[in-house]
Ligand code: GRF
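First, one chain by itself in structure tokens, the form predicted alone.
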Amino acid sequence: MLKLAVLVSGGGTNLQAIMDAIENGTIKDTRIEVVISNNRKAYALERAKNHNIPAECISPKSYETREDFNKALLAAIDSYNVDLIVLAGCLVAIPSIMVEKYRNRIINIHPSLIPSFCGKGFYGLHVHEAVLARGVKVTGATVHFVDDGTDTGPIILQKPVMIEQGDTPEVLQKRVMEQAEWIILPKAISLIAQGKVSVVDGKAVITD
């Protein structure tokens, strides 16, 4: 049984995609142990509660220093004895102490085809605004392992999405979610649950 902690900051649509995939059997032998948000008002916490999943808010605002917050977040995750941490729209920088302890056991979904439109400042709607401003014809989403950089860890899965005439950032964001994010994030978790993903020489390798 693969035990997950899912970290979120907002509405939790990727969390919903994971929960749905577990419930319909697309993802097997997997359970979400806890959903943690830095935002007390995140609707993702309600989604978790509606599925009888423990939901916690651990916010940097509640701690005097960032180091105190980092330690509290790590302690909370440790207490659930999870195998994999999933960043599903989490806008908090993951502390290095967590990356080190859970090396190659933290994955993130990013709304572009890395290495394009990623790194510092590229999150949420900002990504889609930059994509449209650049005039590219294809965008997409990427699931990758988290390392010490920003969006620099080994890539597990990618899925392209075509830009369409008249796209706005909001319209494009929705299409990338529907056609890419909600598909490849559950798929990546399923592959990991089946023991089919490993990291070799800094690259993610998927085996049959």
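Just so it is clear, the structure is predicted and the values come from calculations on it, not from any experiment. All residue numbers refer to positions in the sequence shown, first residue = 1.
Note that the form predicted in complex with the ligand isn't included here; everything after this is about it.
Asker: Of Gln173, Gln158, Asn70, Gln179, which one comes within 4.5 Å of the ligand in the predicted complex, counting heavy atoms only?
Answerer: Checking each option against the ligand in the predicted complex, the one that comes within 4.5 Å is Gln173.
Asker: Closest heavy atom of Ser190 to the ligand in the predicted complex, within 4.5 Å or not?
Answerer: The answer is no: Ser190 has no heavy atom within 4.5 Å of the ligand.
Asker: Can you tell me whether Gly11 touches the ligand? I mean in the predicted complex, with a 4.5 angstroms heavy atom cut-off.
Answerer: Contact check for Gly11: yes, within 4.5 Å of the ligand in the predicted complex.
Asker: Does Ile85 reach the ligand in the predicted complex, with heavy atoms at most 4.5 Å apart?
Answerer: No, Ile85 stays farther than 4.5 Å from the ligand in the predicted complex.
Asker: Does Ile106 reach the ligand in the predicted complex if we count a contact as any heavy atom within 4.5 Å?
Answerer: Ile106 lies outside the contact set for the ligand.
Asker: Could you tell me which stretch in 75 to 83, 130 to 138, 106 to 114, 92 to 100 has residues with non-hydrogen atoms within 4.5 Å of the ligand in the predicted complex?
Answerer: Stretch with heavy atoms near the partner: 106 to 114.
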